[in-house]
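Just the one chain here, laid out as structure tokens, in the form predicted on its own.
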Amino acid sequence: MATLLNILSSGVFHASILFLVASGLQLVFGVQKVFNLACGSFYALGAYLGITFVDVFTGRGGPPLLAFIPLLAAGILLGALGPVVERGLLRFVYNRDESFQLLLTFSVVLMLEDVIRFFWGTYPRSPKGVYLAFGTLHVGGAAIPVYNLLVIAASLLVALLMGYLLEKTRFGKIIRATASNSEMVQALGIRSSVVYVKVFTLGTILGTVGGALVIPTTAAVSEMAVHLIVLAFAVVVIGGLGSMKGAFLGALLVGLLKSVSIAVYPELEMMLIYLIVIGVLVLRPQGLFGGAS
């Protein structure tokens, strides 16, 4: 029982982080039709800047139990990269072949890796004394870190807010209309370029906040962007490209598979996930929720 609870809690925690990043990826693709590989670099930048903010916060006497504040601040602040990347680079490859978009966003990945090495070096880094400060909750013989539960709650809140934004607000209706027919939206007097900037900034913040929130549980390394892209790709393929429901369920499935494989056969972690990806590509190429967003 304790082992099962530990696997479930760990899997849902991994899924929560994956959902934040994958939802940003799905949102950008759904509206701008760009598969943004740089989402992994935004995630890594959020992690590194989160460490810096937490170290400054605790170094000046801030209690570790309030570390969520500097972590979220780091993630939201990095949203400023969104307009820079979108206006400075992406707008030149809209309506061009997907290979241009992939090459461009992959070049952003490589450039941001160098930025990380320049500012933070190549050694693994992690914030000190934050994760353990939250303590553990004992349920059914399992010890579940309270910090993990807070991150899961934060991700569920983000999912609810995203649903409200897309379904109930005027901006959400504009996003959905632009995703459906951008030319018609422009004919109604709405500048699609402004919508693109806002959507890409929102997608960037989801990635950077995901990276900032995960960092108390692990060490930041310069290669973490590529590892995240691989997992996010699995989430997108399983859930369906452009589907927010797919991002939610795909992240949950990948997170649980990752947790189970680590507990049973850690050597087969990625193989198990990509066997599912291959199965989806063969049986349902559009993903479980592809085309339903």
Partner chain sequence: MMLGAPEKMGSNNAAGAARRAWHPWVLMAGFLLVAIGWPLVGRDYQVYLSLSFFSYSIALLGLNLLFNYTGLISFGHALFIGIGGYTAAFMTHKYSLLNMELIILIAVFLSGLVALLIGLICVRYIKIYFAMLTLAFGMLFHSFLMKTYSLTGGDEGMHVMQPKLLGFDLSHMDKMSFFSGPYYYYNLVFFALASYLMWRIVHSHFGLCIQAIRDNPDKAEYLGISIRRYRLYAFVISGCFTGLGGALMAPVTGHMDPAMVFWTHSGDMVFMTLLGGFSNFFGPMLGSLVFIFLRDTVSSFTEYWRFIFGALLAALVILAPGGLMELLSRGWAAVGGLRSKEQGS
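All of these numbers come straight from a predicted model, not from anything done at the bench. Positions refer to the first chain, counted from 1.
Keep in mind that the form predicted together with the partner chain is not shown, yet the notes after this line are about it.
Contact with the partner chain in the predicted complex, judged as any non-hydrogen atom within 4.5 angstroms, is confined among 171-179, 185-193, 84-92, 201-209 to 84-92. Proximity to the partner chain in the predicted complex, taken as a non-hydrogen atom within 4.5 angstroms, holds for one residue of Leu37, Met244, Leu252, Ile51, which is Leu37. For the chain shown alone, Tyr164 is not a contact residue for the partner chain in the predicted complex, no non-hydrogen atom being within 4.5 angstroms.
The partner chain is not drawn, but in the predicted complex it has no heavy atom within 4.5 Å of Phe68. The partner chain in the predicted complex is not approached by Tyr123, whose heavy atoms all lie more than 4.5 angstroms from it. For Ala153, no non-hydrogen atom is located within 4.5 Å of the partner chain in the predicted complex, even though that partner is not displayed. Applying a 4.5 Å heavy atom cutoff to the partner chain in the predicted complex picks out Gly88, Leu89, Phe92, Val93, Arg96, Glu98, Ser99, Phe100, Leu102, Leu103, Leu104, Phe106, Ser107 from 86-107, in order along the sequence.
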